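Below you will find one chain, with nothing else, as structure tokens; this is the form predicted on its own, and questions on how it binds or moves follow later.
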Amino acid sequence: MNIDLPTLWFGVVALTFTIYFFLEGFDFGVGLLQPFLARREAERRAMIGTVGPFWAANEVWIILAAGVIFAAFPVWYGALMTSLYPLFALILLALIGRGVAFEYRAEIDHRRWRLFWDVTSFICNALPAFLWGVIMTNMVRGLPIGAGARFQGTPLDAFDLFSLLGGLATLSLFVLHGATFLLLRLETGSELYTRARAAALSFGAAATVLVLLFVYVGFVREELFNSFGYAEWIFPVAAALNLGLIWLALTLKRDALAFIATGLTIVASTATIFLSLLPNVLPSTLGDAYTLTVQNSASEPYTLRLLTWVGVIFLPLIIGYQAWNYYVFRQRVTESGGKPSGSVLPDTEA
């Protein structure tokens, strides 16, 4: 395969989405688990404290992904956004609502006030976790794109049993990723830590069933992996083996290995989606003549060269800043403090 500038930037798009799903996956998971694991206010604050220093920086990657598609593949950006704009609008509103819930929850020391923002946070974590699966399923399967890259369907076309299964698979996988993240961040020996381990085992089983069912349907019925040629079976098999590794690591109480394994599942799943797309970026269900490819949807060579220089300068800075952030807030969160030292979360206790 020749790596020209359009192909290089398609790889950058895949990389940004992969990092985003890896990092935001455990943010979504912790938010979804909070109502089920935390029974006291100190425990709720401890769970928020596990993601408090990271969630805002993690969202940078979806802004970066959208910006890269807009600049490097404007035709793809236009077709995708006009096709699925209600889903993207819901995700944007949910991300805003989640940030507001984090910031406003502790402003007033009243049970109903905190309960309102806890419910808001749960909904605003559930919506993106589910809708990203629906969007990715539609991206890899294709949309009714016609002449001039115009969408020829309705927003309801994005929903069927397969895309709903994709949404449930990503939601369950993010919950599992959040549970294994809690095992790394919570004080070991606490009741909350014990509940997080039990949740990881139970949601691990649910995620295994849903992910394998999604892979089976995609492999057998939708023929999504045919572009891999003779090795079309390798990703479904790798997904099954990795899910088995997660269960083994949780059983042996190897917390770091369990978190790495859930992260690998997300990374491999996202890589599979973008590898199966090549050389296209958005297949058309109306005919191959209307399919958007890496080449026919890319910007002019001058724009791509300029983007390459911008990427060479700023991508290492973003990665370096986030690595430093995770190093600074690497200590475990305790229920007595509810947050790591140096966190911006308020100190009000119930």
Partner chain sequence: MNEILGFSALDLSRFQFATTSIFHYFFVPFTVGFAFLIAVLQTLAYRSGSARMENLTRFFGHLFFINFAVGVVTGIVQEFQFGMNWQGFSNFVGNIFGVPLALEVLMAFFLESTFLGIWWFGKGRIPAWASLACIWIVSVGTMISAFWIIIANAWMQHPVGFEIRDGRAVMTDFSAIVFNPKGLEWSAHILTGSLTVGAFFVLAVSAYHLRRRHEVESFRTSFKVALVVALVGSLGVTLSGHEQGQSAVRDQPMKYAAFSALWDTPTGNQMPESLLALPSNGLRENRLEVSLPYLGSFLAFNNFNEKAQGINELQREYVAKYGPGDYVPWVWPVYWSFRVMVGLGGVMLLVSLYYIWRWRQGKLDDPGRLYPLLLVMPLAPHLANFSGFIATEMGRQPWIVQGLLRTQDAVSNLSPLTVLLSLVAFWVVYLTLIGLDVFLLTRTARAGIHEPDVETPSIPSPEYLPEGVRS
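Residue numbers count along the first chain shown, from 1. Everything numeric in this text was worked out from a predicted model, so none of it was measured.
Another form, the form predicted in complex with the partner chain, is not on view; read the next lines as being about it.
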Item checked: in the predicted complex, the residue from 89, 275, 123, 184 that sits within 4.5 Å of the partner chain by heavy atoms -> 89
Check: in the predicted complex, which of the listed residues (75, 260, 239, 140) lies with a heavy atom within 4.5 Å of the partner chain?
Finding: 75
Item checked: Distance check, residue 106 to the partner chain in the predicted complex, heavy atom within 4.5 Å -> yes
Next item on the list: Although the partner chain is absent from this view, report whether residue 150 comes within 4.5 Å of it in the predicted complex, heavy atoms only.
Entry: yes
Notebook entry, point to check: Is residue 299 one of the residues lying within 4.5 Å of the partner chain in the predicted complex, judged by heavy atom distances?
Noted result: yes
Next item on the list: Indicate whether the partner chain has at least one heavy atom within 4.5 Å of a heavy atom of residue 188 in the predicted complex.
Entry: no
Next item on the list: Sort through 204 to 212, 109 to 117, 189 to 197, 260 to 268 and report the only stretch with a non-hydrogen atom within 4.5 Å of the partner chain in the predicted complex.
Entry: 109 to 117
Notebook entry, point to check: For the stretch 299 to 320, which residues lie within 4.5 Å of the partner chain in the predicted complex by non-hydrogen atom distance?
Noted result: 299, 300, 302, 303, 306, 307, 310, 314, 315, 318
